[in-house]
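In structure tokens, one chain follows: the form predicted on its own.
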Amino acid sequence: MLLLRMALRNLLRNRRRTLLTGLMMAGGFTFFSATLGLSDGTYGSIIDMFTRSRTGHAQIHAAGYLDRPSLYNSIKDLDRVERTLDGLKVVKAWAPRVYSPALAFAGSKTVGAQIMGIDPARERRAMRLESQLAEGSFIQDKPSDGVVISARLASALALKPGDEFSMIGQAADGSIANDNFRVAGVLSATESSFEGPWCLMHIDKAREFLALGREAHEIALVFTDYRKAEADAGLVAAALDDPKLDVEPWQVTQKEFYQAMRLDKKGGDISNLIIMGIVAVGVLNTILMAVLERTREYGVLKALGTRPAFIFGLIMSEVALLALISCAAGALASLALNHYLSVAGIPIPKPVSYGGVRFTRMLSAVTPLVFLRPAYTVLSAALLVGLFPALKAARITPVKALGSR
């Protein structure tokens, strides 16, 4: 208590300098927090936009399917997997899919295509596939010959809604798969996650076409919180407890996107560290000035028998007290600023669209990390730069101190 009282008294002796230093620390805290909030909020929106457009927060495949996709490497015991997923609270929605390459032709035009069989009702709860339509209608909930094709496939075969075309491929039983289909809708060329020659059809129609029975190549998962995708994928894998199945979060299935995002975030972290470095230099300057001004006082204390540890603790208490008060002020300012940015956001001059979602504003995320990380950084920086002045004062000799001016 004596240390705290003396530290508070010393801070109040030069209120203007203390106020300016505190404002600098609080300002650094607020700027750091706002930057983190915008970064987390923006990346959160991008991740949600990216994963909910097609991939999901995690995916279940037969073991080895991601490395070597094959028509024959499918999830066999689908009923057991579905029952398990329905019993997990972390799984908000899931959607089974089947895939296969095929040859699509209309008139005299032929092009290689990729079939994706989906459950429209489940995809509607999990993804935003329907919002990616440019024209026509989506796949009906009941199996039919109506399919949705990508803009690239429509352009290659000169197809539009209502037109018919044929597909031929390899069925799982060794036979030749062939059938006629009708174009129900065409995906957007610019706002869809399906850039190649894709053909989306009802999963039961695709199973019939490919002679797959009741199997699936992939199950896309949507969790209650995308930030816990890796942990939740682990929970799903533990619940399934099947070495023949792989459960991978979006950080693995979309590795390139994840690595690019991490690299970009590291650039932001470097900028924040530079800001904190500037704040730390300012704090160091203030503490050094305070120590130099009170050199004679420290000399008197040493001459009266005060232990060096007490003087060291006194200066470090001043630094810690100033940092705590500044962090409290910065936290209040950050809370107000981040809340405003989470509602109003910052408009983007050139909006971005992907997967049927239009990204028009950078929104902040108000999470504990947005406040804890700046608080930890400001306190650590302040205490670190306070070590040198505190050690300098603790080691001073009474004779030199009393003779200083």
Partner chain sequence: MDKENVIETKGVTKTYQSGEVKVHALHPVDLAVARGEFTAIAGPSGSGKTTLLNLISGLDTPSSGKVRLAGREIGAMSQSELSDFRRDHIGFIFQAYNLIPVLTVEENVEYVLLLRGVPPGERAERVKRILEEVGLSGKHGRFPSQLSGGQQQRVAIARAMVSGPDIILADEPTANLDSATGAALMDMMRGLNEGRGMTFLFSTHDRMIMEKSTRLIALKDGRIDSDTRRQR
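It should be emphasised that the depicted structure is a prediction, and the values quoted were computed from it without experimental measurement. Positions refer to the first chain, counted from 1.
Same protein, other form: the form predicted in complex with the partner chain, not shown, and the subject of what follows.
- In short, of 252-260, 292-300, 124-132, 176-184 it is 292-300 that has heavy atoms within 4.5 Å of the partner chain in the predicted bound form.
- Although the partner is absent here, residue 307 lies within 4.5 Å of the partner chain in the predicted bound form, judged by heavy atoms.
- Residue 2 belongs to the set of residues with a heavy atom inside 4.5 Å of the partner chain in the predicted bound form.
- For residue 15, no non-hydrogen atom is located within 4.5 Å of the partner chain in the predicted bound form, even though that partner is not displayed.
- At a distance threshold of 4.5 angstroms between non-hydrogen atoms, residue 10 is in contact with the partner chain in the predicted bound form.
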